[in-house]
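Here's a solo chain for you in structure tokens, the form predicted alone.
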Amino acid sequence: MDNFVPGAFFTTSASLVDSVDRKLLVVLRDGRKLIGVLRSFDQFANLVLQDTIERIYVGDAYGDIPRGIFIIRGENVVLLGEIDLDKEDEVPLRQVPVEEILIAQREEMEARQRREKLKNKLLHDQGFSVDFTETDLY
């Protein structure tokens, strides 16, 4: 850290120093979105978040699932950004109970799977190769 210059642009984990004790949004490889306070990190960009919530978005609604202390392996981080606390409450989305958002998320995933299956069947019927066997079409 001897060569660290505040305000300079770094692509290493040293650039996380200014983000310690700040509220961050972390998007993971599996699509989950976590919001929490960064408490620690290491040279591999492994992160420790405190007071973490997992936020699930469906349409114009969102739901929060409390997760507490969360340890994230650096290789799973896709996006990391600081949350502007002044604008945090101005989100044009409505918050709904967790049970409601989980049901909506399941319905959205099922609809997406049905669309994907139909698209793949249409492509298969027109002679395009798709990554499944004939029995998966129906």
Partner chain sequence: MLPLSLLNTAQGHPMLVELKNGETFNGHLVNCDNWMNLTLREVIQTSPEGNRFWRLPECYIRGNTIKYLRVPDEIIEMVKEDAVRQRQATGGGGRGRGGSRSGGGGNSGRGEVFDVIFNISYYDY
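Residue numbers count along the first chain shown, from 1. Every value quoted in this text rests on a predicted model; they were computed, and no experiment measured them.
The form predicted together with its partner chain is left out here; the points below concern that form.
Next item on the list: Note which of L80, V58, V96, I65 lies within 4.5 Å of its partner chain in the model of the complex, where distance is taken over heavy atoms; exactly one does.
Entry: Selected residue: I65.
Check: For this chain shown on its own, do V20, I71 and N76 all sit within 4.5 Å of its partner chain in the model of the complex, going by heavy atoms?
Finding: Verified in the model of the complex; spot residues all in contact, yes.
Note to self: Although the partner isn't part of this model, could you tell me whether D84 comes within 4.5 Å of its partner chain in the model of the complex, counting any heavy atom of the residue?
What the structure shows: No - in the model of the complex, heavy atoms of D84 and its partner chain never come within 4.5 Å of each other.
Notebook entry, point to check: According to a 4.5 angstroms non-hydrogen atom cut-off, is E100 in contact with its partner chain in the model of the complex?
Noted result: Flag for E100 set to no.
Check: Within a 4.5 Å heavy atom cut-off, is D30 in contact with its partner chain in the model of the complex?
Finding: Yes - in the model of the complex, heavy atoms of D30 and its partner chain come within 4.5 Å of each other.
Next item on the list: Verify the contact flag for D42: yes if a non-hydrogen atom of it lies within 4.5 Å of a non-hydrogen atom of its partner chain in the model of the complex, no if not.
Entry: Contact with its partner chain, yes.
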